[in-house]
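This document starts with two versions of one protein chain, written out as structure tokens and named structure 1 and structure 2.
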Structure 1
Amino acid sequence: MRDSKVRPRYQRIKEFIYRGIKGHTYPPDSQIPAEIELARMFKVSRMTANRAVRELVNEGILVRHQGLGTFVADIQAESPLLEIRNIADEVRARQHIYSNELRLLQKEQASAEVAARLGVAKGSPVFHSLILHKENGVPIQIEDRYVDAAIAHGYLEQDFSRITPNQYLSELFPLSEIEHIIEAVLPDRQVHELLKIDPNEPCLLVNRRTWSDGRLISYARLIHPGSRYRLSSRSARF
């Protein structure tokens, strides 16, 4: 009787390529082994290797260049500037895999800077979360968020591996106003270690504040690696 847990052979090749991308053996724009070489490495038919590569191309992980070979796609996420979208939905809309790491979730006293940003008195209770968002295992955003504890009472009880702060707050407090201030910055040590980027790679920093019915709900610093993210806007003239 065949073991139902045995992975299909083409899936083993896909996992090998996934690991290579995540471990930077195959960085963006680098060429992966040819199908004939993959078939030899895994002792499978050329057809099996072709299926693995074809599925990764269809998922947007790889891209074929006629006559040159198959390369790792340069994933550069794009977010609309004039609206707020849930980053998990953005990633999944590209047919990619979303995941995150919760690095911090706690109650604090607002510093002078945070108090000014949130419109509360210095020392007021605020909730602070730090989440690393990933696309296909690659970090694309650090979300450093402060929320007024007097408004979003259940923030610390949320499972942010299942629901993002954006989704949770949007459901409780429908958006009525948004402010974006965008800067180009160099990463500090924590940022370049979390995003796994060179210390000299420029980042996009989006300072975002959101209101609901005139109440200032949240202040977030969203930090993106410049090589993996871009912001876009589109407006009509009347």
Structure 2
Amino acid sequence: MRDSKVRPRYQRIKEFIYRGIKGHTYPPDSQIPAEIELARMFKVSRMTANRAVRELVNEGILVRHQGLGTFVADIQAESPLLEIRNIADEVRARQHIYSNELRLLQKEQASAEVAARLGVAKGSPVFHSLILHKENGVPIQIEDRYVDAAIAHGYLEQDFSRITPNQYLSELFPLSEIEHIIEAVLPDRQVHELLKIDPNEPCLLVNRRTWSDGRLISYARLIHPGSRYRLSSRSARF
């Protein structure tokens, strides 16, 4: 019941500002309320408002000028490197047949590693799904995903053969921030058996974490055979 637990006050202020930016209450370059004003609005001390704003500045979402105020950064120029794509759509866009196998869907207690990645306490309940995605019947991705059970209550009841976890989550929690960490690894036994590849074939491991309104929603390990998959991106910058 982590969700019933109050989120920190500075976090609520951050979420208020996130929403304000997303909802165009605070368009790019516009000024947001001063610390003292935020403190009044949320009935907190100025230091608490200060922490909220300072963290948003560190995230590159706001910029501050002493004596002047705090403004929404013009971040629109930055186009995301890796689109968060729906693998099913991606396969279909290539005119191929998409299918998947749900290999696992259960509630677990977070291991130390998962807890650290997901920002929850070790042992707290998380939902864990493992889906094998296929293109024309050939495995192309293992999606190994963890979601904070306190956030995504209905996760276990979804039919993931019809809707990907990605789709389900992004409807409930619109994406506000995304992190990718990419590695090249050799497959362990489970991976090479699932992907039907040679134990010596290198794999691309994409660690993806997604946030909604500053809240960490989900951590996924996406594993692709090096021979059948490439990540690409092309972006213009101004």
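The first residue in the sequence of structure 1 is number 1, and each one after it adds one. All figures in this text were calculated on a predicted structure; none of them were measured in a lab. Heads up, when I say rigid core I mean the largest set of C-alphas that superpose within 1.5 Å between the two forms.
In this comparison the chain labelled structure 1 is the form predicted alone, and the other chain is not. Fitting the two forms on the rigid core leaves the C-alpha of residue 21 displaced by at least 2 angstroms between structures 1 and 2. Here residue 54 counts as shifted, since its C-alpha moves by at least 2 Å between structures 1 and 2 after the core is aligned. Residue 172 is not among the residues whose C-alpha shifts by 2 Å or more between structures 1 and 2 once the rigid core is aligned; its shift stays under 2 Å.
The two forms, fitted on their core, place the C-alpha of residue 67 74.3 Å apart, compared between structures 1 and 2.
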